[in-house]
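Below you will find one chain, with nothing else, as structure tokens; this is the form predicted on its own, and questions on how it binds or moves follow later.
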Amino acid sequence: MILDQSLADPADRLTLALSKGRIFEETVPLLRAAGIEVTEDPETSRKLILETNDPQVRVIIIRASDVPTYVQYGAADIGVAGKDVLLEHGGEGLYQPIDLNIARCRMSVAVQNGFDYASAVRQGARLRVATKYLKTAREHFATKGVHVDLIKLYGSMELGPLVGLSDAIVDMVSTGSTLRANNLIEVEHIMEISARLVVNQAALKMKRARLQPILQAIEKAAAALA
């Protein structure tokens, strides 16, 4: 999608990239602490560009996995993305100054209840793993000396072991209720996940006077959540 060039930013205008859902909802109070109020709800509006109470700040609504790319290439000056997304992206061209302590969950390995995971991950074994986090899964199992056949899925990861597509899944877990409902169990914790504020490196230099007060206010509000 190509954005309307008539909406191009003035040199001092800031663009913030957010995704719908939990990250947007939990970012709103942090923005409010910085004096920024989004004037529309992305769940009810079909607009992809939302204005704020500050005419020099706008919000673009994109897929969570696209946030690092928009910020990396300067289409957005700042954004909020989960650590899981940033690990898969690689973080090139991004400054990651603040752990916002929001959208907290964990990255885990899960298998069908009754599957002998301990035997399946012995040194030199081979395992079929369904996930959308290919880079994270590959690195995790490499440290264990386990060969993995990675199967990329974009959703309903829990179905993989149930229909014989995979032996295990690597996915985000919050309460674990979806796993339990589908007769899956967590067998390994990979890492804790939360959302980070990311900043375009060029914007940090060129728009520092405009960005710094916002970053400081957001950091202070995020620290209160820790």
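Residue indices: 1-based, along the sequence shown. As the structure is a prediction and not an experimental result, all values here were calculated from the model.
The following text describes the form predicted in complex with phosphoribosyl ATP, which does not appear among the structures shown.
This chain is displayed alone, yet in the predicted complex one of 110, 94, 129, 103 has a heavy atom within 4.5 Å of phosphoribosyl ATP; that residue is 103.
Proximity to phosphoribosyl ATP in the predicted complex, taken as a non-hydrogen atom within 4.5 angstroms, holds for one residue of 30, 197, 64, 60, which is 64.
Contact between residue 55 and phosphoribosyl ATP in the predicted complex is not found at the 4.5 Å heavy atom cutoff.
Taking non-hydrogen atoms only, residue 177 approaches phosphoribosyl ATP to within 4.5 angstroms in the predicted complex.
A residue is said to contact a partner when one of its heavy atoms sits within 4.5 Å of a partner heavy atom; residue 20 meets this definition for phosphoribosyl ATP in the predicted complex. Put simply, residue 159 is far from phosphoribosyl ATP in the predicted complex: not one heavy atom of it is within 4.5 Å. If you check phosphoribosyl ATP in the predicted complex, you find a heavy atom from every one of 82, 172 and 193 within 4.5 Å. Residues placing heavy atoms within 4.5 Å of phosphoribosyl ATP in the predicted complex fall in a single listed stretch, namely 22 to 30, out of 197 to 205, 41 to 49, 160 to 168, 22 to 30.
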